[in-house]
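Taking the form predicted alone, here's one chain by itself in structure tokens.
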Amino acid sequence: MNLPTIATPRLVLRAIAMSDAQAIAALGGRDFEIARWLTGCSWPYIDGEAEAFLQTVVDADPLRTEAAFAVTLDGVFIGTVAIEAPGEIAEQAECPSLGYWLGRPFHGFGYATEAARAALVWGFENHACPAIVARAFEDNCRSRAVLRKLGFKPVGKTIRFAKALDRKVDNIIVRLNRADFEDRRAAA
């Protein structure tokens, strides 16, 4: 299954590609203020880490692994949004999970909410699931605010190792039930 290109009012989400490696490294991996909120990023950045990540998701089955979208603004890569197959969050193993990050220059404009909402539509259309879940570091107030805006509600906690911080970090697990998502879409 190939990922579609999804247009929102301001953004275009497209299948992530190997050619995105340099932008991923520059906006995410080499910026500690982004890498610190991601569990899988090393710090300092290790050359080739973006390419290694891309090799795991480009051309992979998005329903069995990860549907990874490049988020673009006027054709410029600004971050990623993904729906991972059920099982990534063990505490809610029956549900797919949402993940995202944007480069710092693109924070504060509502792009994360817009991109995540579009990815959620794709996720609910393509996964027969009762809900989609997400997790955010407990002290990541900005990400938790995005998830609240989208209608996610806290359902638990977990601890994850954050490579960039070289320590375990408390994470809040949140859940968006399909019915609640559909009700919010209908009201909008």
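A quick note: this is a predicted structure, and the numbers were derived from the prediction, not measured. Residue numbers run from 1 along the displayed sequence.
Heads up, the form predicted together with a small molecule isn't pictured, but that's what we're talking about next.
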The small molecule isn't shown here, but in the predicted bound form which of E138, D47, D59, E33 has a heavy atom within 4.5 Å of it? E33
Within 4.5 Å, heavy atoms only: does A145 come near the small molecule in the predicted bound form? yes
Does at least one non-hydrogen atom of W122 fall within 4.5 angstroms of the small molecule in the predicted bound form? no
Just to confirm, T72 within 4.5 Å of the small molecule in the predicted bound form by heavy atoms? no
Evaluate W37 for contact with the small molecule in the predicted bound form, applying a 4.5 angstroms cut-off between non-hydrogen atoms, and reply yes or no. yes
To test your reading of this chain, name the stretch in 154-162, 125-133, 37-45, 51-59 whose heavy atoms come within 4.5 Å of the small molecule in the predicted bound form. 37-45
